[in-house]
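Only one chain comes next, encoded as structure tokens, the form predicted alone.
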């Protein structure tokens, strides 16, 4: 849980994203009308934490629709880059925030938002900088390009208090290797959302893949 230091005066974070499910789907929504049936399929398959990336104009409406219409979904915003996006995402109903990296300005905004957040890291120095600020849960990105399981295993020795959600280049074949590490709480990925299934609105197929991912 990324709770702020007691002296910060920021609101306490209510839950840990890392404890919701072994896999967090990373969703790019092109058409906001797809958001609700897509999210329902993921939740039915056992993946309640859904990261909607802020990479498309449809993302805020998608977050708003899922938050309002999909019981059991814990919808969050990904690819959060600015304080303005933090404010807009939370206003739309995002219950957690994920960023590919971290700056002091962005960290302050995420901390003040009062929802769980996973700032992105890819080096030991970045992990140490966040630990100094009381942040213990982070996104490891881009996971495969940054060293994968071997790198995370190396971090566990000197920095055991840090826990990660690796994202980037992870699929069903490699996810178990990440999840077996003591400093990994969950992984992020999009393999349960193949482009052809989403384009065809084949939500039954998405649900099946989500169920397989949840079983990891």
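Values in this document were obtained by computation on a predicted structure and should not be read as measured data. Residue numbers count along the first chain shown, from 1.
The same protein also exists as the form predicted in complex with a small molecule; that form is not shown, yet it is the one meant from here on.
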Touches the small molecule in the predicted complex: residue 169 (any heavy atom, 4.5 Å): yes
Close approach of residue 134 to the small molecule in the predicted complex, 4.5 Å, heavy atom: no
Touches the small molecule in the predicted complex: residue 153 (any heavy atom, 4.5 Å): no
Contact of residue 45 with the small molecule in the predicted complex (heavy atom, 4.5 Å): no
Among the candidates 184, 65, 175, 26, the residue which, in the predicted complex, approaches the small molecule to within 4.5 Å (heavy atoms): 26
Heavy atom within 4.5 Å of the small molecule in the predicted complex - residue from 100, 83, 114, 93: 100
Among 33 to 41, 186 to 194, 66 to 74, 154 to 162, the region lying within 4.5 Å of the small molecule in the predicted complex by heavy atom distance: 186 to 194
